[in-house]
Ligand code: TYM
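The chain that follows stands alone, in the form predicted on its own, written as structure tokens.
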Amino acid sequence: MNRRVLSGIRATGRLHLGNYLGAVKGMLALQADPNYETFYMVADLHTITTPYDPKILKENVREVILDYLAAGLDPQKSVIFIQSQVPQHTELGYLFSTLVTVARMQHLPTFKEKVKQHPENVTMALLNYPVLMAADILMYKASLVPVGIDQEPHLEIAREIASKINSRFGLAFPEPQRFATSGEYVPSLTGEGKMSKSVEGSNIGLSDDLAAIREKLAKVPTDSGSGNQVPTEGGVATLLTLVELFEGKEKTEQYRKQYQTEGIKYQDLKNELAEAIYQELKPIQERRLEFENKPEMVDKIIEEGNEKARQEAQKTLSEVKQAMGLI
């Protein structure tokens, strides 16, 4: 039997390079491997754990689906679905919540970070986020999860839940591991933290044209371009990371040597990098336009994916309910 994979991205708008390099590229690699059965969702239930606009949520869900398809996720090879359209996720999440203490959830670094970001919105749903994520993953008996490194604390919760439910109720859930990509942490263009939708000026969108990419890279903070030590943080480090991801290690090493000798001309670096990024994004943008012009086909892909996911989810939910004495 093939191993299973589950991943998802929150519906907070169109995807950016951080999403693409940190998650979608991993999704594509596993989709291409015949040893894996892949399930990819839009995590709209996770979206509503932090403040959001209900008027544009549905639109944002569709934007992510379109970006998935444009990037190369194939409904013939992967089950592509919307989390909220598979109600078994929330039911399994509730059952899993009986296995985890409140204290364990409150100590998670990701929870503490969100509390700082949204002190007026510390809801039960936010606290329960990792439990629902465990349900998302274990619902499909997924052993691999292509997500960024910041999600590792949540995967630890999923492993703990799998271990507890297996030992207590005699089930056989896999303990899921993270599938890392080379772009598992894409730094922000501001030079601080990671690329994010919520921080203005921090990301390059998959829909950005060459002029927009150039403009955004032009604003990345730099230094004099030379010195003994190549910076390991800040805007220069961000640029070198992006060079490695889009132009390769050899090019990065050239720039490192330049920094320690004649100096880097940042305008040249930024222009070359903008071109390299755009060349990777251009075919994605062209495919997206094709899908945008075929809304009925996209509707069909979503509904078929939702139905396949529901069928698989019901098998797991029934198995867990029976083991727990509920049916």
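Everything numeric in this text was worked out from a predicted model, so none of it was measured. So that there is no doubt, residue numbering starts at 1 and follows the sequence shown.
This next part talks about the form predicted in complex with the named molecule, which is not shown.
- None of 134 to 142, 97 to 105, 71 to 79, 210 to 218 except one has non-hydrogen atoms within 4.5 angstroms of the named molecule in the predicted complex; the exception is 134 to 142.
- For the options L28, A43, I302, L273, the residue carrying a heavy atom within 4.5 angstroms of the named molecule in the predicted complex is A43.
- Among residues of the shown chain, E244 is not one whose heavy atoms approach the named molecule to within 4.5 Å in the predicted complex.
- Taking the partner from elsewhere, E175 is found to have every heavy atom lying beyond 4.5 Å of the named molecule in the predicted complex.
- A residue is said to contact a partner when one of its heavy atoms sits within 4.5 Å of a partner heavy atom; G148 meets this definition for the named molecule in the predicted complex.
- Though the partner is left out of this view, K164 does not reach within 4.5 Å of the named molecule in the predicted complex, counting heavy atoms only.
- Counting a residue when any of its non-hydrogen atoms is within 4.5 Å of the named molecule in the predicted complex, the hits in 176 to 210 run G183, E184, Y185, V186, K194, M195.
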